[in-house]
Structure formats: structure tokens, C-alpha cells
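Read on for two forms of one protein chain; each stands alone as C-alpha cells, with the labels structure 1 and structure 2.
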Structure 1
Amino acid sequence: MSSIRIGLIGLGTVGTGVARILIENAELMRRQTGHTLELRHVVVGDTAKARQIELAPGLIRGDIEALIADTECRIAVLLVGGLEPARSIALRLLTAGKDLITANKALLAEHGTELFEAARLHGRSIAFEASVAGGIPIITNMSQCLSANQLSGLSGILNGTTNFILTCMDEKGQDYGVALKEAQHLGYAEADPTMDVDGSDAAQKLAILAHLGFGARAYWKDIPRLGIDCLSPLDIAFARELGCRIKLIASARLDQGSLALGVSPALVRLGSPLAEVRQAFNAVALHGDAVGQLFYQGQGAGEKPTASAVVADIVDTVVGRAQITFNLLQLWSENRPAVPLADLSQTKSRFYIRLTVADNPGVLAVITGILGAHLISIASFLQKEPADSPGGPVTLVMMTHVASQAAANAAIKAIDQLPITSARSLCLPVMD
């Protein structure tokens, strides 16, 4: 049985998981591929760092030169986060004739066109199952298993860190900062967790899924996004009172040929499948015209679940499946007709609105007047009497009937300019 050499660049959370699976499940890998998978090169940033895994002496190096020079090693697994040096390393690996596997969604969302062109130019493939939703095989499903379907919509919880934080705040009343630290400790968060909490990471993943599922070449920075950093513990409590949970939802809706993309915290009804996705789990709900409604759920971050997807890509690359898919899909290629992006502000939903206003006579009339002028009708209303009432600031929460995002934005803008408003208002969609 011949041996296939694997080069691993990055031995952090995910890289360690990949190395572990390759070692612990070596026999299974042999059965899956018909070859012995040999971890031949491991490249890290800091060779002096203590590792969570014991590898053969001399295996770990501080640069990629030996891997580049090894023409018998044709599979490289890039598990370095961020844009640089990840981009330069990826280009060097492709140029050197290696098939690439990566979990780096930021890299794909930012430099996908350049990398996929380089892969095509050098006759190589790029596999990226772990880049979206960790252990859920959503890339393979959307690019292969659902090829008979015209997808019409997708709603996903695509960031494990934020789902973990929201779960800790909701179930344990934990402080946001404490929960974020725990997510970092557990290896869920990006090196800079700003990308997790401000919705950027979910937008990057949504851009990848929009590309695969809808043929939309969306630049992730053009996707309207709001993160969980705008939430207060009050929102979690009010949402509960309204029979909902707050989740960071990435959504894609195809309507009359154009696609609306967005990332925002949203209220989801308790008992609905998305509301029950807890901890660092991710989920993707989607609808295809032939298959109907589908719901995928699984661990979206962390060592082993993410490594599970990476190793599946290694197997697919070893047996040649990844290359076939890569060539057929023409990813990030100008050859694929693009789907126009819709204006998200024209989408409609119910809204959760939280205002902080003076607790004085006539204030409510002013607020409802503004909402009414924007054709927004109030479905329910909550106000808790604060200790320093009347006169002091009070929190008002409203659930609206269905309205357009544009109307909600305009109303909130007007309310935030009023002298009676003492803190920025929050407006979140409600998923019915």
C-alpha cells in the first residue's frame, strides 16, 4: 500500500485536531483512501511553542521551504488564519503544484477569485469544507448533493462563538465578556474575535454559501451586517418574555431573480429548530424546489468537529473527488453567470424595537406617531418601571406587525434624533 504525503501548515486548534485524526484514525484513513496518509511536514509560526500533541521529532518546522521543495508531497492543508501570510502561502503552495485544503473562510471570502484562478492555472484544486459551519458538511451538500434544486432561501447560524455567547447569556445569565473569554479558551473564536462578534465571520461564510448555492458573487463587505456586540442582557430577557431567543442569523432570500443577503441578530420563536441550536453548534435551514425544506445542525467550531471536515477534504483530495468537484464547479469564476443582489431594505418582517426614552407624558404618543407615519403597526409593547421613574430614562420594547426594513430603519433614525431619546435604539428582525 503506497503512502501519500501530507503537509500541514498551522498546528493551532484545527491543525492539532487534523494531526490527531490522521494519527488516531490511521487505519480508517487507509480503508477510505487505499493509501497510508503520512503527515510529512508540519509548519508553524513559532517552533518554540509547546504543543498539545506529540509528533515525531524534527517534523515541526518554522517555514514552508521543505514542504515546497518536496515534489512528492502534493497535498497541503493550510490552517493559518487571517489574510497574510495565509494568502502568500496559499499562492506559493498552488504554484508549487500542491492541491490545497483550507478552513480559512476569511481568505476565501477576500481572495477567492485570485486563489481559484491560481489553482486553475496550475491544474490544482482547493477544498474548503471546514470553512463554513465547522463539522456540518454543508459545502459538499450545497455543491453536490443539492445540484437538482433551485434553492430559494437559506437561514443559518454560522458562527459558533456568538452562538456560544448567546447561549451562556440566555441560559446562565453569564456576562458577555466572560462568555467570550470562555469561547476563546475553547478554541472557537478567531484570533481577533471582533470578526466573530460583529457579524463579519458570518458574512464571509454567507458569501461562500451564496456563491455555492445561488451563484451569487457577493463581496462579503457588501453584505449588510450587524453583530451581537449591539445587544444588551436586556434584549435577551425581553426576547424571552416575547417567547423568542436571539440568534445571529445569516440569511439569503431569492426573490424574482435577485438575492437578498444579510447578517443580523434576530428573534426566533422558542421551539423552532433554529431557537434550539445551542452552544457552539451551527445550523443551516434551506429550501430547494425539489427537496423541500432541509435542516442541518452540528458543531460549528472547535478542534475535532472542524478537523472532521478538513480530514474529509484530505480523503476527497487523495481519492480524486475534490479535483472533479473543483473543476466542475468553476468556483469564483467569471464563467459563472452572477445573480444580482437585492436591496435588503426592501425585505419585510416583524421587528423587535428597543428604545431608551424619557419617562414623561406624551413620549409614547410621539414614538407611536413616528412609527405610524412609517406605516409600522405595533403588535405588542413592554415597559418596566425603572427605579428613578418618572422623568428618568426608560426602556420600551415593541414587537411590530410586518413592515419593510427600509421603513423600520427610517423610523429608528427619526426616533434616535429626538431629544427624548437617551441611547441608541435597536431594531432586530423577527423570524416567523
Structure 2
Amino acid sequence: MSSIRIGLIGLGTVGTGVARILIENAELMRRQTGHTLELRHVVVGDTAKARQIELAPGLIRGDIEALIADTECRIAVLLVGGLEPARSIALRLLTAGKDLITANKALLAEHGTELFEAARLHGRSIAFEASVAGGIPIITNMSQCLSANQLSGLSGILNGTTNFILTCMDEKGQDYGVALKEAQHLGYAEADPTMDVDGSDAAQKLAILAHLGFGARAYWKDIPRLGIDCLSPLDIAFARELGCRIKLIASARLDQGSLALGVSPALVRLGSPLAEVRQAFNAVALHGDAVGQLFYQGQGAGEKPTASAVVADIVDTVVGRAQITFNLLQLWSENRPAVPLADLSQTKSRFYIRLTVADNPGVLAVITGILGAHLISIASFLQKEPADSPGGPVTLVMMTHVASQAAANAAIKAIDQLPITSARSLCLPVMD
């Protein structure tokens, strides 16, 4: 039985999990691939750092030169985060004739075209199952198992940090700041959580899925996104009163040949699959014209779930499936027809609107007049008694009938300019 050499760049949480699986499940890997998978190079930034796994002496190195020079090592697993030096390392590995496996979604979202062209130029493949949704095999399912389907829509909870925070706000009544601190304490959120909580991380992952499932060439920064830091416990409570739960939803919807992409908190009906995804779990709902509705749920981060996806890519690369898929899909290629992107402002849904206005006679008539002028009809209305004296700020919540995003945005802008409005209003889509 022949031996396949593997190089691993990065020995953090996920890298440790990959090394552990390759060592502890060596016999299983032999049965899956017909080869012995030999971890030959482990490249780290600090060779003196204590590790959570014991590796053979001399295996850990401080640079990639030995890996680059090893012509018998044809598979490289890049588990370095960020854009640089990850991009430079990836290009060197591909140029050196290595098939690449990565979990770095930011790298793919930012430099996918450059990297995939380099892989094609050198006859190599790139596998990236772990870049989206951790242990959920969504990349494989979209690229292979659902190849007989024209996808019409995708809705996902693609960020475990924000889902954990929203779960704390919903189940414990915590405000956003307290829930964020708990997420940081448990290791779900970084010291700087901006990319998670402002929707950027979900937008990067959505850009990858949209390209894979629909052929869309969307730069992730161009995807409209709203984060969860605008939410208060009031929104969580009002949503529950309305029979919903708020989730950060990344969505892609194909309509009349164009694709609408967006990331935003949204109200999701209690009891629906996405509404019941708790803690740091991820989920993706898909609709195909042949198979109908599908739902995938699992752990979106962590050592074992993400390492599971990485090792699955290693197996696919060893047996040749990754190369076949890579060549056929022509991802990030000008040769692949692109689906045009829709103007998200023209998409339609129902909306949850939360206003903070003076508790004066005639206020409601002014607000409903503005909504009516923008052809927005109110389906239901909630108001809480003012906490202070009459005439002080009061919270109004409205659920609308179906309207366009453009109309909702224009109406909210007009309402926020009124002297009776004392805080910025919130408008969220409702998933029905």
C-alpha cells in the first residue's frame, strides 16, 4: 500500500484536530483511500509553543521551504487565517505543484479568482469544504449531490457567534453586550468580534455559496448586510410575541433569472427549522427544482467538526474526486456563465418595524400616513405603555403586509426625520 505525504500549515484549533484525526484514524483513512496518509510536514509560526497534540520529533517546522521543496508531498492543507500571508503561501504551494485544501473563507471570498486561476494553470485542485458551516458538508452537497437541480433559494445561519448571542438574548433575556461578553468568555467570539456581529463573516460565506450554487460573481463587500448589534431585548421579546424568533440570515433568492443576496437579522416563525437552531450551530436551507426543500444543520466551528470537513477534503483529493469536481465546476472562472445580481431594494417581503416616538395625540396617524404614502399596509400593531410620563418616548411595533425593500427603506428614512421620533428605527424582513 503506497504512502501519500501531506503538509499541514497551521496547528491551531482546527489544525490540531486534523492532525489528530490523521494519526488516530489512520486505519480508517487507509480503508477510505487505499493509501497510508502520512503527515510529513507541519508548519507553524512558533515552533517553541506548547501544543495540544504530541507529534513525531522533527515534524514541526517554522517555514514552508521543506514542504515546498518536497516534490513527493502533493497535498497541502492551509489552515492559516486572514489574507496575508495566507494568499502568498497558497500561491507558492500551487506553483510548487501541491493540491490545496483550505478552511479560509476570507481568502476565497477575497482572492478566489486569483487562486483558482493559479490552480488551473498548474493543473492542481482546491478543496474548501471547511470554509463554510464547519462540519456541515454543504459544499459537497451543493457541488455534487444536488447537481441535477436548479437551486431557486438558499437561507442560512452561517455564523455561530451571532447565533450563540441571539440564543442568549432569547433564552436568558440578556442584552446584546452581556451576551457578547459571554460568547467571548466561552471562546465563541474573538476579542474584536466585528466581522461576526456586523454580518461580514456571513457575507463572505454567502458569496462562496452563491458562486457555487448559482454561478454568481458577487464580491462579498457588495452584498447588503446588517448586523445584530442593532438589536435590543425588546426586539427579541416583540418577535416572540409575534410568534417569531430573530436569526441572522444569509439569503440567496433566484427570481426571473437574477439573484438577490443579503445578510440581515430576520424574523423566523417559531417551529420552523431555522428558528430552532440554537447556540453556536449553523444551518442551511436549500430548495431545488427536483428534490424540493432540504435542510442541513450541524456545528459550525470547533476543532472536531471543522477538522472533519478538512479531512474529508483530503480523502477526496487523494482518491481523485476533488480534481474531477474542480475541473468540471470551473469555479471563479470567466468561462463559467455568471448569473446577474438583482437589485435587493426591489425584493419584497413582510417587515417588522420598531419605532420610538413621542406618546402624543396624532402620532400614529402621521406614521401610518407615511407608510401609506409608500404603499406599505400594516398587518398588526403592538404598543407598550410609556415607562415615564405621558408624552415621553414610546415603542411602537408594526408587522407589515408584503412590500418592497425600497419602499420600507424610504418610509423608515422619512419617519426617522420626524421631530416626534427619538431614536433610530429598526426594519427587519420576515421569513414566511
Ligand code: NDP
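Since we're looking at a predicted model, the values are computed, not measured. FYI, numbering is relative to structure 1, first residue = 1. Basically, rigid core = biggest C-alpha set you can superpose within 1.5 Å across the two forms.
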property: Form predicted together with the named molecule - structure 1 or 2; result: 1
property: Rigid core superposition, Ala56 Cα moves 2 angstroms or more between the two structures; result: yes
property: Displaced residue check between the two structures: Asp192, CA, 2 Å or over, core reference; result: yes
